[in-house]
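Form predicted on its own, single chain, as structure tokens, below.
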């Protein structure tokens, strides 16, 4: 028991020191809060107006698509049924079709005027028997869709650089060597870094979340507690990834390169700014291997579709796996 108390006291001391170091850097703290707000405001201005200029038809499967999708001004998107119907409920697509050689099944959103027009065109141009399905839901603005991406991006940068870069700086300055001479263990030091950065990341994300919601009134229909759980697991996954990168790196320049090599694919492929619908299968497979993808999938499901744990548990389980793998690697490979 005494050994446990001493361990907790040492961890708490490192945790407190790291928090003070971060809070005293007012420029960094302020920028972490201001930067995502400025991006959201800029995007809401740039992308204001109608969400799309063309009709959109989402095709399920590899069957024979209706002639309608070949019409000028109609955009074709390929997706599985769950994703297609989710897009239809948000009015991100106007019509969903699944066709075979003998019949066509289609779904239309009852609140979409564009969907009603495409349904009429489908009836006049299609000779195969038609089966109608109905979806419901309101259209979402681009800002509603992109806000989770901005919050996730801010979390990614805060977690990876706030831990990875700092640990490398500690190693370069000799601070870690001095800590090695104390009773502090690797696990205690790493745990303090993780907890400190997690609190900073979640606090900054909460302030940005509330502030942008007051300004933009974006869509949030799900459970705030479940969204907090997604943020908690996502933050831990990113932080432990940053630790794993920094556990042996001795150069800040090399660490900066490694962190950029990790963040750039997530920034490009995790649907921060745009959807990957219609992209090659291999691109979507690579995206599914990135932790930020699962953070944003779960966050958007909660915020836009009122999803619960049964709908997002695969993403949560994958994030737990990232946390466990990152922390295990960090402890095994860490060098003072």
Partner chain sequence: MTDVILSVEGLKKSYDDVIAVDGLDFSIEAGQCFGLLGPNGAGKTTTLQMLEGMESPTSGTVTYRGGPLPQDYQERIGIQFQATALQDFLTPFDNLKLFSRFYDDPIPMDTLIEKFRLSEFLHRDARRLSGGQRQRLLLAMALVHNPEIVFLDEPTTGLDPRSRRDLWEVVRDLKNEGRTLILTTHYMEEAEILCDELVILSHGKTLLEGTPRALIEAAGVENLDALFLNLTGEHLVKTEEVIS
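Remember, it's a predicted structure, so these values are computed and weren't measured experimentally. Residue numbers count along the first chain shown, from 1.
The form predicted in complex with its partner chain is left out here; the points below concern that form.
Although the partner is absent here, residue 127 lies well away from its partner chain in the predicted bound form, with no heavy atom inside 4.5 Å.
At a distance threshold of 4.5 angstroms between non-hydrogen atoms, residue 184 is in contact with its partner chain in the predicted bound form. For the chain shown alone, residue 142 is not a contact residue for its partner chain in the predicted bound form, no non-hydrogen atom being within 4.5 angstroms. Using a 4.5 angstroms threshold between heavy atoms, residue 71 stays clear of its partner chain in the predicted bound form. Just one of 132, 213, 169, 123 comes within 4.5 Å of its partner chain in the predicted bound form, counting any heavy atom, and that one is 169. In terms of contact with its partner chain in the predicted bound form, the residue from 208, 150, 179, 262 that brings a heavy atom within 4.5 Å is 179. Of the stretches 262-270, 170-178, 151-159, 217-225, only 170-178 has residues with a heavy atom within 4.5 Å of its partner chain in the predicted bound form.
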